[in-house]
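Next come structure tokens for two forms of one protein chain, structure 1 first, structure 2 second.
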Structure 1
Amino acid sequence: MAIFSVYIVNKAGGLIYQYDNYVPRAEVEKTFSFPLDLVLKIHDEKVVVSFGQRDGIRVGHAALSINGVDVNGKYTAEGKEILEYLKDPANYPVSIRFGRPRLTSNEKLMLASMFHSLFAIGSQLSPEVGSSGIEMLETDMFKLHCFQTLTGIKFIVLADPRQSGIDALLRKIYEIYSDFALKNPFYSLEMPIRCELFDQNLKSALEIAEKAGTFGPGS
């Protein structure tokens, strides 16, 4: 049971707050001999596995470090291209660490605005009248819960599929937003939230929600 992350999206689809509460790390380090038994390709300036799954290395995982030294995008720490480096038998045996690529802040902005439009399309394609946008999106690994306020701000929480009490948590986050972001004289509307009190209160709300699973009325 866990709450993975929180996103707040303004009414124009811009990401104004993001917090990763719990990031499960599934990383695998393995020593390979020549030739490599994985097919690697470059995707979004990262070297990712495109074919061949073994020992916990999955398609979509990115190369994170080579021989214990973190890589820099598609380049090694010395500035050589990783794919070129791995083509040279002289560099073997080589130890590579693979894991799910972390989202960059740009990708998070992109995903937030993507959800903004998905939300609108979900409401347009509704077979029933008077439907809202997407409130809950379910996959086998996580559930995304979205609460849109009357003013158009979306609070999005990613949580474990079995986590309960998310509806109460979303309303609690709305309350924290109104108390600590909106009442902050240095906060300008629709802009990213950089406010320590907001951070603190959000973190403690997440902790309580993870433990208890629910909030009592008026908490």
Structure 2
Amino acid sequence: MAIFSVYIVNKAGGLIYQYDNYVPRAEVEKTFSFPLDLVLKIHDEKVVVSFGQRDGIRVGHAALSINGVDVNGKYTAEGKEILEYLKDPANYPVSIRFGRPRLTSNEKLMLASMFHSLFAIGSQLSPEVGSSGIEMLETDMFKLHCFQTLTGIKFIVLADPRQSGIDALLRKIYEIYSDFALKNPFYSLEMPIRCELFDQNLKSALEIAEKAGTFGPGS
């Protein structure tokens, strides 16, 4: 069981805090000879597999490193275009690590804004007035849990579907937010949270939740 990540979204739909606690990596590294037996293409400034699944490498996986060095989007660490680099027989044999593309900061901002809109749509679709909006979304790989305060701040946790105690964790994060962000004289309301004490207490709360699943009195 695991807690994957935490998002905090302000009442306007802006992402003011995000922390990846545990990101499962289904990554595969293989050494290839020329010519490369995978078809690659550029998608969202990343080099991804478009055809030729093999040995755990799947369509949609992105190139994460070449010869043990992390790539930078569609470029190698030396600034060369990856697709051009892989066309040159002199660069073989080459070791390429593939895996699920990592979300960029801009993508996380966009997804937080999209969830804010979905939350509002959920409230409007309710047959009764005063619906709370979306509190949980479930997939086969994770559950998204959301707790919205009276002031409109949304606390979102992505966790393993089997992880227990998430409701208590969401309220604990709200408590940490109140103690270490709102009471911080240097923090501006609705703005990104940059506070070391907040980070430390959040990480501690996530560790307790993963191990125990609940929060007892005084925790």
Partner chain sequence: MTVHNLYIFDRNGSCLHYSEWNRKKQAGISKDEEFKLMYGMLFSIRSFVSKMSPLDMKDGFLAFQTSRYKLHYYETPTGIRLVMNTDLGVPNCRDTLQQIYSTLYVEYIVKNPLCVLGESLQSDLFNSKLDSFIRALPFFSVRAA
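Basically, rigid core = biggest C-alpha set you can superpose within 1.5 Å across the two forms. The first residue in the sequence of structure 1 is number 1, and each one after it adds one. In this text the structure is predicted, and so the values were computed from the model without any measurement.
In this pair, the copy labelled structure 2 belongs to the form predicted alone.
K108 shows a C-alpha shift below 2 Å between the two structures [criterion: core-superposed Cα displacement of 2 Å].
Once you line up the core between the two structures, the Cα of D37 ends up 2 Å or more from where it was. When two forms of a protein are overlaid on their rigid core, residues whose CA moves 2 Å or more are considered shifted, and G52 is one of them between the two structures. Core-based alignment between the two structures gives a C-alpha movement of 2.6 Å at Y75.
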